[in-house]
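Only one chain is given next, in structure tokens, and it is the form predicted on its own.
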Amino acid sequence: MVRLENLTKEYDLPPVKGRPAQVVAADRVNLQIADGEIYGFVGPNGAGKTTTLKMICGLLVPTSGIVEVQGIDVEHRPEDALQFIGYLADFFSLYDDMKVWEYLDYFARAYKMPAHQIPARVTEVIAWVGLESKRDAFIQGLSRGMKQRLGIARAVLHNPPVLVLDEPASGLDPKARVELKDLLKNLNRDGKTILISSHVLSDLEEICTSVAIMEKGHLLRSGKLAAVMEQSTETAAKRRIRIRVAEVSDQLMEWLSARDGVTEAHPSAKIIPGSSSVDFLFSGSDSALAALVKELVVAGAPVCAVEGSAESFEQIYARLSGGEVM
């Protein structure tokens, strides 16, 4: 659906002593985004997320590289490509003195939709984003969450297969964020391919099928969310393991501390009356951990349970964002 090949954007800066003459906002970004994905773009401010999304939408001309949407070169055939794209910027303006239906009617005409199709389409999109009760309300009276829904309604008005959303959850309260996630899931089920950037990583983990982690214009990781998390966990230096035992002894601690891959072993607070646990960092694979536990049981340790602390996407991002470019 969307293909980025060596996509690069450089900005020339006014000459200032001690500062480079150019800033590379996106540096040879390569991505393949399949039909039906919810693709999350993650990174700190200045990572290149917004720049990349704007180049996909044809709002910025790349310094070099290619952007294609449904096989159409966005730079060289913008009008052909943009009919397939709906875009919601991180900061967008609405006409406060218009009613909800008037705003959508206005943009439907701006999109040059056939006049006889507009009333039905406006009604359909209003229902799609859950604003039926606000159809005749003035925009100035809408909540932040409702305005965000209206912005999405405008972006999907011409029924594009690709929806690009830059920080749509910014400024929303928890209830509005839940409603936004539900709306995006519904849009995806209805066939929309969604590209979304956000700082709320827990939300992205819940709805995204794939992610691209960016920093300083570089792509650190990209691919299916599950694969990125699995790969990142496998390549992590260590992970935290907790073994619950009936009793922690000095012998047990000495035995564990002497094992390959085990560091920082220490007794943890009692979590169940009559039992204790040991926490440690382990650098081995799942097979190595299974062998360790088997050896521990054979040695006579009163093992009750073994738990591994799986990293969340937020924890993986925090670790990768300080790592090397991949």
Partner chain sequence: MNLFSNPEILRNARIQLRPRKLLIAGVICATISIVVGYVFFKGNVSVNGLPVSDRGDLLLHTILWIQAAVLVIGGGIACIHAIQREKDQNTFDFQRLTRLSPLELTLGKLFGAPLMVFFVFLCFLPAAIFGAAAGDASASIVLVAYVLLILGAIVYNSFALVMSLFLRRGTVTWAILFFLVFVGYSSSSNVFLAAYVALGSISPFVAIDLVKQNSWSLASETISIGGRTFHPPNPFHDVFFGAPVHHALVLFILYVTILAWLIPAVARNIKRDPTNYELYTPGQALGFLCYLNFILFAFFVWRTPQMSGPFVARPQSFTPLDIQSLLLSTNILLFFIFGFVLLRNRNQIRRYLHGGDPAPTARLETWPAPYLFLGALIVGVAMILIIQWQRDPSLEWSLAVAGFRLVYFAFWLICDFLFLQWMNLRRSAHPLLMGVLFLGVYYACAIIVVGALHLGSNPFTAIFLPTPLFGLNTAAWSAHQAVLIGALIAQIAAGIVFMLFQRRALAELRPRPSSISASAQPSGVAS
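These numbers come from a predicted model, not from an experiment. Residue numbers count along the first chain shown, from 1. Throughout, rigid core stands for the largest set of C-alpha atoms superposing within 1.5 Å between the two forms.
Note that the form predicted in complex with its partner chain isn't included here; everything after this is about it.
- Stretch-level contact check against its partner chain in the predicted complex with heavy atoms at 4.5 Å: of 188-196, 122-130, 247-255, 71-79, the positive one is 71-79.
- This chain lacks the partner; the member of R240, R144, K175, R109 within 4.5 angstroms of its partner chain in the predicted complex by a non-hydrogen atom is R109.
- The contact residue chosen from N30, S268, T263, S285 relative to its partner chain in the predicted complex is N30, the criterion being a non-hydrogen atom within 4.5 angstroms.
- Remark: S277 does not count among the residues lining its partner chain in the predicted complex, judged by a heavy atom distance of 4.5 Å or less.
- Proximity of R149 to its partner chain in the predicted complex: non-hydrogen atoms within 4.5 Å are absent; the residue sits far from the partner.
- A residue is said to contact a partner when one of its heavy atoms sits within 4.5 Å of a partner heavy atom; V303 fails this definition for its partner chain in the predicted complex, lying far away.
- None of the heavy atoms of G43 is located within 4.5 Å of its partner chain in the predicted complex.
- For a residue to qualify, one of its non-hydrogen atoms must sit within 4.5 Å of its partner chain in the predicted complex; all three of Q83, L94 and H218 qualify.
- No residues of 165-202 lie near its partner chain in the predicted complex, the criterion being any heavy atom within 4.5 Å.
- With the core held fixed, A120 shows a CA shift below 2 Å between this form and the one not shown.
- In this overlay on the rigid core, D136 has a C-alpha that sits 2 Å or more away from its partner position between this form and the one not shown.
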